[in-house]
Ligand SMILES: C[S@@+](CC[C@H](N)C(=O)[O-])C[C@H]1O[C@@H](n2cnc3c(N)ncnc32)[C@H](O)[C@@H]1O
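Let's start with one chain on its own, the form predicted on its own, as structure tokens.
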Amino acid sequence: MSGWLKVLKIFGFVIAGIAVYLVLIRLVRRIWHFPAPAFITVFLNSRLREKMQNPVEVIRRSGIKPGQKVLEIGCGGGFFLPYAAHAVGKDGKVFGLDIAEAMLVRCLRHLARVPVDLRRRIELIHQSAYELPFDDSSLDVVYLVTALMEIPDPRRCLTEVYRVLKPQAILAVTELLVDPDYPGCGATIRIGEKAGFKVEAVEGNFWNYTVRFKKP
């Protein structure tokens, strides 16, 4: 029994530590709101990230299909881009957009290790999420992974996303609890609906969820 008590005690300390981390990091983010620093790609592109947020599952939840034209906003170190490129197939195209040039430099390094056939389907864009360089109704899917609430004005971003998506196209927003800017699922749904989107599906759990919207 004493062994179980030790395990429970350690588990309690871990949970308490995570809770303290989440509270402190959220307080810091409320005072200083800034894009994620480039050095964080050490975690963002790691095996630990893969275990915490399965990239194949995230892309599946995002509704990406072969032949589509897809945009990831806030692509960071490019962790999800190769998986999206695999999903769109040889006739598709994936764009990775980030406002931080240093992030895109890290992204290029990451993509250099990706098979050439996938890399050719990916194009990186250094641009604000408020001014997407695409024509009206030109994209099939726009997805964001732990990025929406990092944008100072999420609704303004989603208004621009609404513009570039085709009718009945998909907006997918994925969030992970340990992210400093993590919003509850309800908050994500409210922001999407205020921008004019309709919820198609919610997948995952409190720890790691995806809300998939459609443009009416």
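When you see a residue number, it is the position in the sequence shown, counting from 1. Because the structure is predicted, anything quoted here is derived from the model rather than measured.
Beyond what is shown, the protein has a form predicted in complex with the ligand; the following relates to that form.
Heavy atoms within 4.5 Å of the ligand in the predicted bound form belong, among the stretches 162-170, 149-157, 61-69, 185-193, to residues of 149-157. Heavy atoms of every residue among 79, 99 and 129 are located within 4.5 Å of the ligand in the predicted bound form. Just one of 124, 87, 139, 103 comes within 4.5 Å of the ligand in the predicted bound form, counting any heavy atom, and that one is 103. For residue 92, no non-hydrogen atom is located within 4.5 Å of the ligand in the predicted bound form, even though that partner is not displayed. Proximity of residue 145 to the ligand in the predicted bound form falls within the 4.5 Å heavy atom cutoff.
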